[in-house]
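A single chain, nothing else alongside it, follows as structure tokens in the form predicted alone.
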């Protein structure tokens, strides 16, 4: 199991070796990254079987917690590790000619694996910053001035978020003297006061920049509109979820209190309403998808506000669904994009493209029996069980957002099925691997529709295990230390 350290080591090594390899063979440099990601996928699949229904901790350098560097391995972290390797493979820049871009993708991969596996706040912050640096570089490497300007704006906003994240971590260290999450979980009484909850708010909003959280999400439409669609699929489908994973670790292990839930509930509702209202007014495909993504991540924060294993179960389901739907839609946008009027007659030119697009849209809206319906229904039912004014308001917000989303999506679909003008060519006719993967995502949605019950049960098992602080504590902290505490 200790071999999982290679998930971070191999991409980091590849990032530094690729420019050297490129001097001798550009083809070998191009394939180095995908080979490393395939090796990582094999390591993840092997670990998935070995970890079974339990969990495992990796202690680096021979230092035991709460001092040493720890990686925590369970099915939740392995699930996201597998998604990281798969998504980066899907969006790998095969047509790029610059080895530095390959290195940046490897840095992004290493940081992403670190965020999924790290079990202390210091390492989470380090990997979060490494992920930010890699993301800035990838955006800035795009060959247009708009991408450079968007990268600079993203840098300023994300840097402000990083300062807030670091300040929240500093407050927690001041209160407890430790940054190990398992250790923090044993001293929650020190963190549930005003100072501790302020630290959680700073961490949530700081990480929320990449998680597209209201109100620190103003960069989203500008960045997504200026970068390649594959990169938009990666940022919206995966990177935003990794920032949420950071928040989840602190929420479930340390801050299972109503004040923290209320914070996520309020910012989630504001994100849903603001995102859907702007998406409703959008006339451009990428702008519409960008703000719709903000709204659906707001729904994710509403789910997390339920707390415990139920909140985590719903959050995992929403994240997986959002990755498939929004990832697929952004990948399809590589084939057609621009003003909605340009999509007139799309169904006539390419019935298959229209059908794939329709599958994503219907699942996004929650039309039965697609997975989006079951997820949305489970969320509403769990909110109703909790009761209380804010939770009932959240149900109203979700239903209102669904009505708004249905209105603008229906107009878009109607445009696609209108008769095309004689000179209309809404599709980019060149072959695109992105479109192939979009069709695969749509197929996965249809398959999951058939296996909703077993998939839901498996996700519940993962959530029940990962949301249990006692399992986390006893896996990470040494038995000697636990004995002393008792």
Partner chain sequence: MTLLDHLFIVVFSCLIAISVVRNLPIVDKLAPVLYGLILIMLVRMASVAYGGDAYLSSFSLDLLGFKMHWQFTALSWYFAIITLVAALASAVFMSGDWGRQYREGGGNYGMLQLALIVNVFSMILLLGSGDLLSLFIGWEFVSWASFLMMVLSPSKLAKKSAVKYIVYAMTGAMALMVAIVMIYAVNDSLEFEQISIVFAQMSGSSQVALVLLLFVAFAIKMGLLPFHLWQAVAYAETPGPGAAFLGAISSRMGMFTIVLVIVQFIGLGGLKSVGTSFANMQTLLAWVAALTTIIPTYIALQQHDAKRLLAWHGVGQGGYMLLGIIMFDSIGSAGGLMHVLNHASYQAALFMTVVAVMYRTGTSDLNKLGGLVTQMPLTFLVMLIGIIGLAGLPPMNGFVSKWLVYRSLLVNGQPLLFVAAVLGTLGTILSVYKLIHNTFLGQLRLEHQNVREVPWSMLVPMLGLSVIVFITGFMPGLILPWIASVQESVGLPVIAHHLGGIEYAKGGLDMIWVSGILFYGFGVGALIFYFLGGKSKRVHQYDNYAGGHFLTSDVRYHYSNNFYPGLMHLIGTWYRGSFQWLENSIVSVMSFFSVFFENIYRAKQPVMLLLIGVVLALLALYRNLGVGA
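As the structure is a prediction and not an experimental result, all values here were calculated from the model. Residue numbers count along the first chain shown, from 1.
Just so you know, the form predicted in complex with the partner chain exists too; it's not on screen, but the next bit is about it.
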ask   = Candidate spot 31, 42 and 230, all three in 4.5 Å heavy atom range of the partner chain in the predicted complex?
value = no
ask   = Taking heavy atoms and a 4.5 Å cut-off, does residue 48 contact the partner chain in the predicted complex?
value = no
query = Looking at the partner-bound form in the predicted complex, is residue 418 within 4.5 Å of the partner chain by any heavy atom?
reply = yes
message = Even though the partner isn't displayed, in the predicted complex is residue 81 close enough to the partner chain, meaning a heavy atom within 4.5 Å?
response = no
ask   = Taking heavy atoms only, is residue 453 within 4.5 angstroms of the partner chain in the predicted complex?
value = yes
note = Given 453-461, 438-446, 49-57, 31-39, the stretch touching the partner chain in the predicted complex at heavy atoms within 4.5 Å is 453-461
ask   = Pick from 209, 252, 356, 238: which residue has any heavy atom within 4.5 angstroms of the partner chain in the predicted complex?
value = 209
inquiry  = Under a 4.5 angstroms heavy atom criterion, identify the one residue in 205, 265, 85, 234 near the partner chain in the predicted complex.
reply    = 205
key: Residues in 167-203 with any heavy atom within 4.5 Å of the partner chain in the predicted complex   = 192, 193, 194, 197, 198, 201, 202
